[in-house]
Every structure is written in structure tokens, then in C-alpha cells.
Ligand code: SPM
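A single chain comes next, written as C-alpha cells; it is the form predicted on its own.
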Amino acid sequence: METYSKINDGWFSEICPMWPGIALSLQIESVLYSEKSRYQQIDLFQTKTRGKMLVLDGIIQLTEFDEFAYQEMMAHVPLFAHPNPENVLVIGGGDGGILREVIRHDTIAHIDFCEIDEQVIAVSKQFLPGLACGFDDPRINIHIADGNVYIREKTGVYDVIIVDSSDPIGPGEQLFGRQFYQQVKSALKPGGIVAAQGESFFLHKDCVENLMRITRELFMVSAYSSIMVPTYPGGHIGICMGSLGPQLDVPARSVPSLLQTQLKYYTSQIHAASFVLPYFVKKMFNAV
């Protein structure tokens, strides 16, 4: 099996122009899957210390070791910021991790899931059942489509939209523009919330500033939530959020005790704390 991502002496190194001059390397035990889909190269590795690892076009999407941090925060921060989310749209995230967290909310009656690359879903179901366990929930309607196109057909439909995009290169590039967010805003109900993968303020200053500028101009409330994820470049990633009413940095609902026992990262306290940003980031956002 030929791999797209280069492995040297048993080590995979993530090298990308989005974070020049640095690389993240993990020791690999075996290659479980390596094929090019219609849209991107998909690699699935068994690492020595971080479990299975999904890589798209040479960029690490997740490892079993710490995927819960990203999945839980991307889902539960916007869902608990909303007082009563019933209709939800998830764009991207073919691994299924966000869906796994979304279906934990009993208030939700309907979930649309839009993923451009059905091969990512198939690979996740085969190799990452711990993430893909939510696909069979009866509330989920799966749409294999470009999220940027799909969203244009929706007006006033969703309480919460979660954009689990890859980086702004390749298939995910269009999900970082103003036109896309205008369409997202139109697809939300009054009081709706959008949460999107917001890159790292350490490594992607221009991208983060652009997302914050867009959400500030379009939404009544905007904010940026920070997440620690060790196997992402810099060990950090953010959520760029916009709201048509509800505050974002304080949960509107408490976490049911049974749900809290199922989570590893998210708590009401972490929700609030994630919006407390370093001083240089506050200055950066104030200048946007």
C-alpha cells in the first residue's frame, strides 16, 4: 500500500505551508488505509502512542488519544449556549466525532449532516467506530454534498450550525469566506448560533482575524473559544462563533449529571473559561 503522506524511519511528519518552519511528528506502527478519494488523500495510521490517526492531504485531523477535546468543545459549547436547540446542521466532520457529541442532547429532534467526501465516512466507520458511532441515530439525515452549496438552499431552518471544516486549503477553503457566513446566517432561526473551526491564534493570525471580522460584522454576538489539543500544530485550536441573540461565553443550560459522566473535557466551567483569551489575542481582536 503506497502512502501519500511521507514516512521516514517509521515517523510521520505533518509539514504544511500554513505553519511554516515547524512540524509535528508521530511514530507509526502500521498503515491501515491509504487511498485518494475524489477530493483528497485519505490516510489512516496506527501510531505507537496515540492510537489511530486520521490524516487528510497530509494534515492530521485527529488521533484517538485526544480527539475528544475538539469534538466535545465544538459540539457542546454552541449547543449549551443555546437555550433549546432542536434543529442542528453539521457541515464537515466525516469522521463522525461531532455527531457523536451532538446526539447526546435530548432536546434535538432533527440533525442534518453534510459531508462532501463520503469516503471519509466509510473509512471512519471501518476503522474509527468510537467516533462513527453516531451515524445510525434516527434523527440524522446524511447529505453527501458541498456544504457551501447545500447551505444556500436553507433559510431560517436551524438553531445551531456547526462547521467542522478542514483547514482553508483543498475542499474546506470555501468555508472560510464572508459569502459562506452570510448564507449560514440566513439558514439560522432567530436566536441561532454558528460555531466553526477557527484555527489557532498562535499560528494562523490572518485567518483568525478574518473569521472574527466576518462574524462581528454579521452577528449580534461573536466570540472565540480556545481548545487544547496536543496533536494539533501548536497544541491549540479555536472555535469562531456568531450568535443571533444568546450569549456565547455562558451556558444557557446546565449539563445533565448523566451526560457529564460521559464527557472527558467539557464542563460548564471549561465552557466559560475557554473564552478567556491571552492579552495579545484580545488586543488582536480589538484591532479587527
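Note that the structure is a prediction, hence the values are computed from the model and not measured. Note that residue numbering follows the sequence shown and begins at 1.
Another form exists, predicted in complex with this ligand; not displayed. Remarks below refer to it.
Participant: Is it true that Met73, Ser225 and Phe275, all three, sit within 4.5 Å of this ligand in the model of the complex, judged by heavy atoms?
Facilitator: No.
Participant: Among the candidate stretches 214 to 222, 78 to 86, 140 to 148, 199 to 207, which one is within 4.5 Å of this ligand in the model of the complex when only heavy atoms are counted?
Facilitator: Result of the contact check: 199 to 207.
Participant: Consider Leu62 of the chain shown here, and say whether it contacts this ligand in the model of the complex, taking contact as heavy atoms within 4.5 Å.
Facilitator: Contact check for Leu62: yes, within 4.5 Å of this ligand in the model of the complex.
Participant: Taking 4.5 angstroms as the cut-off for heavy atoms, does Gln119 touch this ligand in the model of the complex?
Facilitator: No, Gln119 sits far enough from this ligand in the model of the complex that none of its heavy atoms falls within 4.5 Å.
Participant: Even though this ligand is not shown here, does Pro233 get within 4.5 Å of it in the model of the complex, heavy atoms only?
Facilitator: Close contact exists here: in the model of the complex, Pro233 approaches this ligand to within 4.5 Å, heavy atoms only.
Participant: Closest heavy atom of Glu101 to this ligand in the model of the complex, within 4.5 Å or not?
Facilitator: No, no contact at 4.5 Å.
Participant: Please tell me which of Ile237, Leu248, Cys240, Ile42 lies within 4.5 Å of this ligand in the model of the complex, judged by heavy atoms.
Facilitator: Only one listed residue qualifies here, and that residue is Ile237.
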